[in-house]
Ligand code: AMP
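Just the one chain here, laid out as structure tokens, in the form predicted alone.
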């Protein structure tokens, strides 16, 4: 059988998010209990459930054709894969952290120190670039407590909100990189046509999550001012109302800007301003 094989995280928050993304892109499948495999209905695609940090290596080795994983894990694995799409979820940064009261001010100051991390490959490369010879303490979890346990003088760990660092009285010395969840593909994918189709479908979901559809009524005399506030993806849709002095506008607006845009529209006389969530699109 020549089905396209996609690797998904087998558990955790990323597993839920990846499954939701594929579902919104029209890839319907059902995982039986803790089964490692599932079949997508209506398309020649097999889903394999794997450890997230194994996905880059298994994709590079050809066990799967595509996979959803973190770009941090891709860098750590050091394998050659094509990143087809950034999925807009799981955003974080990999940071070098030290105690709040530490005198250390630069990565070079950690020369000769112990550094605990779950990313030894990336960490080693980083400190080599800064000409700091550190003793790496590779770990699989709970990196943030290693300084208080006396295991290390610094750590390299993923940071999202920074609350965990504050709880452990740590501060960020510098960032190594910015990361997010990505869709990767190996260079020998057998079903390139299906892979391209999946990328296009997922792209529609990712883009849709960044935009909202805004609808409002505006006096025709204020339409030009309104269009400066909401220029849209290409341009807004404008329809005449029964009252010829008014018109109705439909326009795509960046979701993170919607509240501010609504305030500005209201200030120039727009009424009946409505936001509608977009779940999928093709642009």
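Keep in mind that this is a model prediction, so the values were computed, not measured. Positions refer to the first chain, counted from 1.
The same protein also exists as the form predicted together with the named molecule; that form is not shown, yet it is the one meant from here on.
Visitor: Can you say which of 206-214, 122-130, 109-117, 88-96 gets within 4.5 Å of the named molecule in the predicted bound form, counting heavy atoms only?
Guide: Answer to the contact question: 88-96.
Visitor: Which of 82, 102, 174, 164 has a heavy atom within 4.5 Å of the named molecule in the predicted bound form?
Guide: It is 164 that has a heavy atom within 4.5 Å of the partner.
Visitor: Would you kindly say which of 151, 199, 158, 139 lies with a heavy atom within 4.5 Å of the named molecule in the predicted bound form?
Guide: Residue within 4.5 Å of the partner: 158.
Visitor: Does any heavy atom of residue 144 come within 4.5 Å of a heavy atom of the named molecule in the predicted bound form?
Guide: So residue 144 counts as contacting the named molecule.
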